[in-house]
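Shown here is one chain on its own, the form predicted on its own, set out as structure tokens.
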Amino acid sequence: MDPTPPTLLIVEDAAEIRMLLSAGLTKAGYRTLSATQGAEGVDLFVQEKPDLILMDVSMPVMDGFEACRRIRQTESGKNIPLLMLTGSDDLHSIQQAFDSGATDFITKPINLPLLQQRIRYALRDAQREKELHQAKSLQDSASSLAGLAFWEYDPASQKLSWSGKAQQTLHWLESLPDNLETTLQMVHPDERHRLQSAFMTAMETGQQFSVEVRLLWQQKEYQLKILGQLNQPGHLLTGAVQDLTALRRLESQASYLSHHDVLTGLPNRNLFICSLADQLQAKQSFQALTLVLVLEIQRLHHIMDVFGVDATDELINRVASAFKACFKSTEGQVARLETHRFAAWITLEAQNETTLIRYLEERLMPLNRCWLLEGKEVLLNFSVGLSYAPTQGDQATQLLRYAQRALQTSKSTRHTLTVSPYHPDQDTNLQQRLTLESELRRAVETQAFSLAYQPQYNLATGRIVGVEALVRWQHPSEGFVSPATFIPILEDMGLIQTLGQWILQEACRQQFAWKQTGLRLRMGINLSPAQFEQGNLYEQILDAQQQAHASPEDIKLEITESLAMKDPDESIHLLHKLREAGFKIAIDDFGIGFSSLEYLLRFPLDSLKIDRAFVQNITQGRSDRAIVLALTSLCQGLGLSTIAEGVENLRQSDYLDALGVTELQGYLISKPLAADDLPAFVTVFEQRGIDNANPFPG
């Protein structure tokens, strides 16, 4: 029988993020609960007792910080993993999250694979902490139930006697001491006088005492608690001894774990910041720099998906050791900040930035190698961000934040390790990015986007036969924003699926609306990689088409060559289902990817779109003409049509016609048009013909 999946409580007021998290985490095997604001989240926590909480920061009624504090005040909420979701990574928000009791934080836009990785580690660490607390509780109970070793001391004879079970309690002693002097000689020299004074004071004043001392025996150290009081009738001291060795060792371990990473044993974020702060406060030579580096293992979640958690843990341990070995122990300190991030501070003599970066890259060179994992070689990508004091600041948290900011510019797809220094303009760029993200979120929520439609002209019939739907966004104050700017941001924010679904619905609705007026045009709709990763894309497309009452044969779904090749077998399966349902399929931007002819022959296609890169110089470049001719010949043999993109003048049109291209799309025909302008454009264009194009110039 499968174990019960962990329950995750998602407290998030943004519906699309809440639904995205719930769907993604449910698919990953978790049971999810959802709340729309902090107070509701607290109530749901009390009722359901989830295993982990994902808490948004900014919410109505009760924000995430207050909700976090209230959960921590409950008995069952003291140790639950609680990850704060924040749209900002500034120090204040992060510090406030930890002050409120957060276990960790993750910034928006949320990277779902990275979040799943964080959740795995948080649940695993919580289980380890639970086991540690259980062990501590068991130790406390055992110490209490085992009883105390009772003793009696006679000041007159200086004899020390013990109860019958004392030997069991102090089992590590070969024989129990029979006088006070022998006992004192076994006590640690630093604490011997304190115990002797406690005995003397008790005999003189009758005052009770409780003293904790270290006992040395056979090169080992034991922690004992000794209690005593004067028994007035017999003028004897009576008392008890409790062995606290195991308990203190456990407490020491708990203290260690609160300042160190469980997996690697390296200092954690808190200890790293404390040690860096101490270093910065110490008097340093004006000729010295304190460097702060943050190193990230890129795409670690991919490795975890392939090799599993245990193998990934082993890899992280080896990276930690290798990173630590890059620096001498006397130079500074290395720490683990998060699952995939490490940090280090070191001191060096002052030098210019270029020399400094070259020096650090040489020191980190041992990381830039193949790592053997389960008998297979894995080449890791590392990013490194750098800040340094006193030039860029003198506060530990500030320098760490700067290094993390610099890390963002260091990310690369190449298997090289480069160090990227922090520059102040990165904060400005980040602020602009955060502002744009906020505005885009509102635009998605209010459906503030629109579609423009670029006509597609058939060379054989001389008619406009189709359009491509292109998304547009008019910023409230900045005006038109290019899709090349906002589409990648929406992908990072996890909102492209929501926008993609709206585009499907709106494009299908518009196609049917034109058809009702007598204008039947094929509607081309682009599918994004994020949509392809959804398990229900087929159902979404079918639902949009059916709700709009559009005919599947009037809808052409366009995917890029690189998207199709990301998972060819899965792509072929999905495209076959769509083709069987009646939809047309086109490969967009064809010719600039790296697909093999074998796969292309297997794709269920209706047409290929030839990228504008081969069109713009077709009147001058023989190689471009040869490529286009090869493509059109291939398509004619396979029964596919071809659409050339980016056609801007009649000479290009003539060449493409001669080379066998089926359709043209570009500013020669028309710029992308609003839906209301399309019917009039088609009428006028087909009266004038392409030689007098075009009535709606770009």
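All values derive from a computational prediction rather than experimental measurement. Throughout, we count residues from 1 along the sequence that is shown.
There is another form of the same protein, the form predicted together with a small molecule; it is not shown, and what comes next is about it.
Highlighted residues Arg463, Tyr655 and Arg688: none comes within 4.5 Å of the small molecule in the predicted complex, counting any heavy atom. Distance criterion of 4.5 Å from any heavy atom to the small molecule in the predicted complex singles out Gln531 from the list Gln531, Thr290, Thr339, Gln333. Between the options Gln454, Gln116, Thr183, Thr312, the residue in contact with the small molecule in the predicted complex by a heavy atom within 4.5 angstroms is Gln454. Under a 4.5 angstroms non-hydrogen atom cutoff, the small molecule in the predicted complex has Glu648 among its neighbouring residues. Within 4.5 Å of some heavy atom of the small molecule in the predicted complex lies at least one heavy atom of Pro672. The small molecule is not drawn, but in the predicted complex it has no heavy atom within 4.5 Å of Ala246. Contact annotation: Leu470 falls within 4.5 Å of the small molecule in the predicted complex, judged by heavy atom distances.
Picking from 519-527, 384-392, 545-553, 100-108 the stretch near the small molecule in the predicted complex, with a 4.5 Å limit on heavy atoms, gives 519-527.
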